[in-house]
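This document starts with one chain, in the form predicted on its own, laid out as structure tokens.
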């Protein structure tokens, strides 16, 4: 890469949109660029390179990227050394069309090509032309500098990529690959050990369809086997994993969660709908009854299990009766967290061939109603925690209140309490004094030293 002032390293700013997989991919890109002379900055105005790590799951995410690109258009025109790269799912989906829509972009890097970012930028410098790289085969490797990460005590670790399912609304197999590829257990354990050696105490294992982990590997190790192996890494005190697809979840996973103390009692478990008719049109591969059976079995085997879910409202053909079935599922299970999305057409998916027949105002009303139900459930759950003591992994000073620390319980509940910033990275006992629907508020439990 050329540099107008070789005495000054080039600065890179990265903004990630969408899921945790995107966050991890961004970290891997920053890690590679850092090894090759770039300096990471959180000031977009000071950056010589801006990278947008994009998501295509929702139309709104793509619109936000286009807005950001528009904001940088004038700067790109007046500064010949300034570079813009777009990576990830939106880049994979739009390809050359993205260059035509935003000619200020220098690199369009697909979801399997991010490991080549430095080489692609070098090609731009050498040719003076934009580069588009979309191949989904022949590129592998997740090498990272474990010291390059945004959170000192927590790290994402990718354990598999791709998803072989074909949910009718989902663009992920198209933009991230439909062939599931798992990393060998030894590779994952080696990365976790290096992270632990650099101060990480909590790892979050990531996969688009993590319950299918190991099916592409010799010997077919499964997710419980991977959890057991990571559990043995010294220095790691907490293990989480996402995302669990009900199609592939087996009871053995619950048994591993119950038997391995470092594995947290939290399961992100997307239902998407509570209606069998809608689930069938979504090609989800399970029924409402099966979902309820798994949720109840999980709570039976794993004491204190916190369940989180996703719902899509306004899916083509969703009737009032279908929506009420979703409300009924929420009332039955009473989730810890619910993430609600209004359906939007994703080109290339099966559902894009169907009429988007639920009016926007109805989608909004259903969205808001689900959020209100979840707020009520969250408040009731949290009120039942007043007076209890929880082990909290301290993440640092609260971004909303500098006089408080924030952290999370084993069940992923957010906790705020007064304390010294030096507690960051430690697990401390906190007694809950009051609550909101989203936060437990308390203080260090008297007579119990930090641990």
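Positions refer to the first chain, counted from 1. Remember, predicted model here, so these are calculated numbers, not experimental data.
Note that the form predicted in complex with ligand SAH isn't included here; everything after this is about it.
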message: Considering non-hydrogen atoms and a 4.5 Å limit, does ligand SAH approach residue 205 in the predicted complex?
response: no
query: Is residue 272 close enough to ligand SAH in the predicted complex to count, meaning some heavy atom within 4.5 Å?
result: yes
- prompt: Is residue 346 one of the residues lying within 4.5 Å of ligand SAH in the predicted complex, judged by heavy atom distances?
  reply: yes
- prompt: How about residue 404: is it within 4.5 Å of ligand SAH in the predicted complex, going by heavy atoms?
  reply: no
query: Quick one: of 104, 337, 243, 367, which gets a non-hydrogen atom within 4.5 angstroms of ligand SAH in the predicted complex?
result: 243
field: The single option of 121, 98, 278, 170 touching ligand SAH in the predicted complex, heavy atom within 4.5 Å
entry: 170
query: Of 78-86, 308-316, 194-202, 322-330, which is the one stretch near ligand SAH in the predicted complex, taking non-hydrogen atoms within 4.5 angstroms as near?
result: 308-316
field: Within 4.5 Å of ligand SAH in the predicted complex: residues from 46-72 (heavy atom criterion)
entry: 57, 58
